[in-house]
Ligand SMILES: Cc1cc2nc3c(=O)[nH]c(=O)nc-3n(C[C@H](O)[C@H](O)[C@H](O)COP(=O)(O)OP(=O)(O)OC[C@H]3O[C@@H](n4cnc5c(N)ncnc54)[C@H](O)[C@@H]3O)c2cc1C
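As a starting point, one isolated chain is supplied in structure tokens, in the form predicted alone.
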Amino acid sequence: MVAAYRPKNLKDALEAIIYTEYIVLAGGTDLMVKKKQGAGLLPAFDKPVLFIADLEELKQINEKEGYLTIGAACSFSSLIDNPLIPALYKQVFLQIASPAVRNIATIGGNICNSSPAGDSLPLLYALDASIIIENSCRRIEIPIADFITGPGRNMLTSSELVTAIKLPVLHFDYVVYKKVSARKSTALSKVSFVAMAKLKDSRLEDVRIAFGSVAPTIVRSRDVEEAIIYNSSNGSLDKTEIISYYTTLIKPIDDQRSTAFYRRQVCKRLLVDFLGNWLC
């Protein structure tokens, strides 16, 4: 049998992980798949399990001074139902898995799983989300692009918990979200794509573009986005050049869900469609 601990509150949880290295479980929808064995066998947990899904401190959603702070143990269903969450974000969350999974799966778990196929990640990268990490002594805030270091890898140590995600509340005039998968929502993405544009006096003021499932981490380039804004303002936007830039950043692989060739072609077509229809 595997030992398990259910802390009373966040302080209790942070004190527990000082002395014992736990497998932290919130919704467990990714973790149970990772640790599964054959039919009828218990998951292969090799460390004690720390249950954090019921910690009230990790289930709060607040808005202050233009930022949303979302508790790491908030399920995607709770985010979809919450009036503070903008419709843009809900558009993405509604395409994560099935309703039953969304009732359990948490935004913190999706981030800590750190898969390039994580459905919420392209949106969080595009919004410059920050990850709030706590241990018994300190609370720090790290940009998500720095927090996730590779497929299934991130900066979290065994004595820390991700407690919240901080997002700016932003308005965009044009928003595109596409998840390409074998089924609309109940399958891992072959490619995911988020693109947003904001205009001011008919001029492009802001643009955000992010791709998922096509590189070790989410693909987003602020340099290319700034070039798009600058060249759009002076009428010299070369869409072919922009596509070429992203082609060098996108490095897909062949796996059981798709081929590298297919992923690359889909990314190109999604980008061409966005540039042609929204930034023409």
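Keep in mind that what you see is a predicted model, and the values were worked out from it rather than measured. For every residue, the number given is its place in the sequence shown, counted from 1.
From this point on, the text means the form predicted together with the ligand, which you will not see here.
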Stretch in contact in the model of the complex with the ligand, which is absent here, among 60-68, 220-228, 29-37, 245-253 (heavy atoms within 4.5 Å): 29-37
V176, heavy atom within 4.5 angstroms of the ligand in the model of the complex: no
Residue contact check: A187 to the ligand in the model of the complex, 4.5 Å heavy atom: yes
Proximity of F76 to the ligand in the model of the complex, heavy atoms at 4.5 Å: yes
Contact of V180 with the ligand in the model of the complex (heavy atom, 4.5 Å): no
L167, A145, L204, C112 - the one with a heavy atom within 4.5 Å of the ligand in the model of the complex: C112
Selected contact from L88, I80, A97, A129, since only one has a non-hydrogen atom within 4.5 angstroms of the ligand in the model of the complex: A97
Partner contacts for 136-159, taking the ligand in the model of the complex and a 4.5 Å heavy atom cut-off: L156
